[in-house]
Each structure stands twice: as structure tokens, then as C-alpha cells.
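Here's a solo chain for you in C-alpha cells, the form predicted alone.
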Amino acid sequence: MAETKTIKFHIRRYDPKKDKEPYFKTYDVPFQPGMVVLDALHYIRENYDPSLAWRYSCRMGVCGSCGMLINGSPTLACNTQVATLGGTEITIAPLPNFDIVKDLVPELSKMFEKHVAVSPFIVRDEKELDDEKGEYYQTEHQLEQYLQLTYCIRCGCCMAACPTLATDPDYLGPMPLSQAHRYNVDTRDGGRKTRNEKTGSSHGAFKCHFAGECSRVCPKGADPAKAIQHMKRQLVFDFLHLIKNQKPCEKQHGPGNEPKKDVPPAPPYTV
């Protein structure tokens, strides 16, 4: 009978309520084909230490909750196959550039505050949005200008890999900046001028020196580094008034917007 392979997991532990400094603790985990790092963490908690803390939810690379530093690279525990890491020892730590709540749980509040600060939504006139008639048409080419950025799941891996954020905690960071650019290039949006006040500030896009680590570690391939470089160009053109202010596309009313006979009407708003 073949002997079961054992993987040593070196996990950084830290409970701010009782520990003065973070420390590493090693656990032996029997390897199973198809095992991901998240499976190993569950094994450790169930068989060794129920106090081990980390975040997870969907287990399929969609929610972004289980971002952590695995063998020195920020990535998702649920998407990382143990077999692809090589060797018999794996080191796991919380995402850098964040305060730590406990063990492998980073404090992400500041990242989300920065995200909210860049108005990550379609900005339109409220009266226009309240009008239920008509729709905003968009060509396939217009959609492609920002589609890649919509894959972002706000996991924080890009923020953890950013060398600028490591030296300037007030820097907006790749996730908020790339999401600001996502809406800036959306033809339905009219909030670019307002966002420029944040993205063009001393802690905005020009702080980025294009290390490219954010795009390298992004588990969804959103390429925030590219978005930030395009944003820099757009900010310069806006400052020099080299681009005419483009109004967001208008609602289209026509035969194509009339409700179809065989389709029931949408339910009423609940809020």
C-alpha cells in the first residue's frame, strides 16, 4: 500500500489579544489529490487547532474572501492547488499591506473606504435614473473598453502586492483606481470629473510607478496596472483640456424598448 504523502504547512499565527508578536506554527497535513490550500486549512482547524482563523465563503474563486500570502505570493486559497506549489513545505501568511484582525484575517475596511471614495457606480442625473422608460445603448466595442475590469472581485491581492502601498498607506491602490477607470470609460457614466479629484490627487494614480505586481497576482486577470496607466493619460488630457468633455450617452426610446406581449412585467421595487 502506497504511503500517504505529508505536507508541512508553516502558518503565521497572531492573536492581538494575547500575542505580542506574530509567530509561525507548523502542521502536518496528509496530501490528497485535488487538495487546495483551503482544504488543508480546514483539516488543520478540525484536527489540530480550532482557533485558527481565516476568511472564506464561496470556495470557487468568486467572492475573494480567502486572499492570503501563499509561498510569498498573494492569491486565493480556494484556487490554489497544493500539488502545483511543489515540494513538501508550504508557508502561509496574511495579506501584507493590511492590518491583521487575527491569524490569516486581514483588515480590509480601509481598502473598501478608498473604493467607495472613487464613486464606483454609474453617475447620472437622479431624475433621469428614476425614469423607467428607455435604456442606455452600448456597442460591443464600448463594452470591451472596460469589460476586463469588471472581473475584479475585491480580494485585495493586488493591494497586498503593491510596493507603493507598502510605503504610502494613503495611496488609493490598484483596486480602487482600476475600478474608478472602469466607470470613467463607461459611456453611460458622467462622473469622471468628480473622480478626477481623488484619482488625480497626491495619493492617486501618479503615485504608481508601474511595478506591475498588481496585475501579475490578480486571480481574475483584471490587469489593474494597465488601467492605471490609461488613467494617467486621461488625467493629463483632462488637465490640459485636450479632450472635449464627453457627455454620457442618452437614453434611447423606440420600438425596441416596448414591453413584449409574452414577457411578464418586472416586479415592483422592494426598497
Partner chain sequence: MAEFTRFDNRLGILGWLGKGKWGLERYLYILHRLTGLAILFYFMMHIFVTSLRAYGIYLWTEGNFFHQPIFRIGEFLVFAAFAFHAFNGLRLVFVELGFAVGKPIEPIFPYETCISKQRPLLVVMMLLSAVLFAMGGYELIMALGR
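Predicted model, so just to flag it, every value in this text is computed and none were measured. Numbering follows the first chain given and starts at 1.
What follows is about the form predicted together with its partner chain, which we do not show.
Residues within 4.5 angstroms of its partner chain in the predicted complex, judged by any non-hydrogen atom, belong to 148-156 and to none of the other stretches in 131-139, 196-204, 148-156, 172-180.
The closest non-hydrogen atom of residue 236 lies within 4.5 Å of its partner chain in the predicted complex. Although the partner is absent here, residue 87 is not a contact residue: none of its heavy atoms lies within 4.5 angstroms of its partner chain in the predicted complex. Taking non-hydrogen atoms only, residue 10 never approaches its partner chain to within 4.5 angstroms in the predicted complex. Contact annotation: residue 73 falls within 4.5 Å of its partner chain in the predicted complex, judged by heavy atom distances.
Contact annotation for the candidate site: 97, 216 and 230 all lie close to its partner chain in the predicted complex (heavy atom within 4.5 Å).
Checked against its partner chain in the predicted complex, the candidates 30, 221, 33, 50 yield a single residue with a heavy atom inside 4.5 Å, and that residue is 221.
Contact annotation for 16-46: residues with any non-hydrogen atom within 4.5 angstroms of its partner chain in the predicted complex are 16, 20, 21, 22, listed in sequence order.
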